[in-house]
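Consider the single chain below, provided in structure tokens and representing the form predicted on its own.
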């Protein structure tokens, strides 16, 4: 009798690991790194590695057109892919975009989507070089692939962190999740009474922008280069800060201690989270879609970053692989758990 394994029982990482086991190690000599990092790494023989990554966004799963402007969606579809290149300490170069469209989309709607894609291309100085279009029986699907490059001596993987490294993050956390919850709340109000107008004040615009039109942190990649800092490991925060830290610790075989008071949370995020009866810290740790960078550096390198306005140290790595802890100001430590985005 054939057994059936539910996708939910494996989750995204379990499914990827299962597929990876079937294919085994790469056989081409040019393939430096395949499945398991933010981007694949290809050696073409020059001074740089080439990077390739791809992501797919599905209507009803990753976005809701009830409150997502198509222009913002086009920008976001590019930004989330560029973020993967940034997570390898690389520079994005080109993208391909494939879309599946149902008959409810007009030519003007498609042009609006691609206006956002063009704006992202201009923002990140990348070229749209191709793609595909096809029909969809229901909803909109966007698949973006991105190429990039990174000097071989500056590449950052997930599995090369070391005990005593300083754990750093860019920007702030939890805003995208709070923006999503705010939009979902207003959608439910509208569905209950279509005559109601949205009650989102101007002072909450920051969390909405972080959800609808996030930015990839390519700026930090350039700044790290200018400062002469090469992260020992790096990952972009798409599925939640806690989840991404656990990825680095698992792949690098280290533990970690981070401190709740050090995790950067914007004032607007605090305001919105409180209004929605959410814990700002929980939103920051598990909300996801921040697309900030989480990286580690050797302690002696920290001097170069300690006064950086957009980089915050939040903890350090340890030599205890089974111990990833969240510390409080009161001196209490609790195991950190990944409760972010679940793909299945």
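Quick caveat, the model's predicted, so the values are computed rather than measured. Positions refer to the first chain, counted from 1.
The same protein also exists as the form predicted in complex with a further copy of the same chain; that form is not shown, yet it is the one meant from here on.
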Which listed residue (166, 155, 265, 141) meets the criterion of a heavy atom within 4.5 Å of a further copy of the same chain in the model of the complex? 141
Would you mind picking out the stretch of 297-305, 315-323, 280-288, 53-61 that comes within 4.5 angstroms of a further copy of the same chain in the model of the complex, counting non-hydrogen atoms? 53-61
Is there a heavy atom of residue 35 no more than 4.5 Å from a heavy atom of a further copy of the same chain in the model of the complex? yes
In the model of the complex, does residue 18 come within 4.5 Å of a further copy of the same chain, counting heavy atoms only? yes
Contact flag, residue 105 vs a further copy of the same chain in the model of the complex, heavy atom cut 4.5 Å: yes
Even though a further copy of the same chain is not shown here, does residue 68 get within 4.5 Å of it in the model of the complex, heavy atoms only? no
Does a further copy of the same chain, in the model of the complex, lie within 4.5 angstroms of each residue among 5, 42 and 117, using heavy atoms as the measure? yes
Using a 4.5 Å cut-off on heavy atoms, which residues of 111-133 contact a further copy of the same chain in the model of the complex? 111, 112, 114, 117, 118, 121, 125, 126, 127, 128, 129, 130, 131, 132, 133
